[in-house]
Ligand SMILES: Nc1ncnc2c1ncn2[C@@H]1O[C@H](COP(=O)(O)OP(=O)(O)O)[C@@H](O)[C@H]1O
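Form predicted alone, single chain, as structure tokens, below.
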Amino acid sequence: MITHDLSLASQYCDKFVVMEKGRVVEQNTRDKFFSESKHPYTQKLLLATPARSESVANLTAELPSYLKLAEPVISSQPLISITGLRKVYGETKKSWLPFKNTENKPFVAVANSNFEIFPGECVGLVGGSGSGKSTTTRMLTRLEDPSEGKIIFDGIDITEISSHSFIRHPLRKEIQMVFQDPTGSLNPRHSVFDLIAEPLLRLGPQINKQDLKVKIEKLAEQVGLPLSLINRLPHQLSGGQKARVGIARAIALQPKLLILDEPTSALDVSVQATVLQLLEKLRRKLGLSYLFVSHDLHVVKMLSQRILVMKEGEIIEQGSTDIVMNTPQHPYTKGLMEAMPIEKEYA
């Protein structure tokens, strides 16, 4: 079993082999791995593995600088308010079936969703595959038009703007996305400089070359990306570096809302830890709002103030992170909590 998830591996594996830079640096039985591992890299992985009792700040040996920044003051007015959101796809063709079928039922991807996100708040969106999370994010970013419902963003009903027209709308730059695949979301022929410059040139005000260069260097510094990498292509970057490029692109236009679609799922836990700390730093420093979509409930718990749980297109439970995690009410939510891998303090 090859995995980044040590908590998950602890459920199934009898022995652990740890590799670093092409070499096996440690081997141990499950009983001894979590309590007696000695190699610095193994200890780093164990420290960075998310657990129910951990905070983002505790995932690295050194406490992050963002702890000096105060939590954003949550406004009483939501940044985005979703009411009765519904997405129904057209009739399903079943003519290939080996028996007569007269039913052509539409597919309901999202059914009657209602929730809010406040300025400076991180809201976690969790649920199984096919629960409607991705369809919801596509409607919020206006890549798709909802079948019904309203999305009120900063006081404006953006569902009245078609997805085609929203591409050129001034509000387009206010809602940005960090994608799950840090490799597939970057144009392989563009340098880091060009990748970060693209949203500025497409959606920002007119800017001269010198000011553009200064802006891009500032963004790289904000996300912890060395300036020596500015002229490299994506394939010359590590997974963590590509993730930082994606975040720099997303914050380039100073948006109000970031939709984070499993932004760390492709990273090993030590790199994931630093990226999560970066996201927390940016939320506090820039006052950003996040919709954090993830399957990893440990990560959602550490980053989010509230949690939404989706099942079969419906939000079946929502509330503060502590309440949803510790006292879930819906049977499906209880099942998700019970299915969480054990924490890293295995032994």
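For every residue, the number given is its place in the sequence shown, counted from 1. It should be emphasised that the depicted structure is a prediction, and the values quoted were computed from it without experimental measurement.
What comes next is about the form predicted in complex with this ligand, which is not displayed.
For this ligand in the predicted complex, the listed stretch (188 to 196, 208 to 216, 105 to 113, 70 to 78) containing residues with heavy atoms inside 4.5 Å is 105 to 113.
In the predicted complex, this ligand sits within 4.5 Å of a heavy atom of residue 129. Contact check for residue 133: a non-hydrogen atom falls within 4.5 Å of this ligand in the predicted complex. Taking the partner from the other structure, this ligand in the predicted complex has no heavy atom within 4.5 Å of any heavy atom of residue 173. For the chain shown alone, residue 138 is a contact residue for this ligand in the predicted complex, at least one non-hydrogen atom being within 4.5 angstroms.
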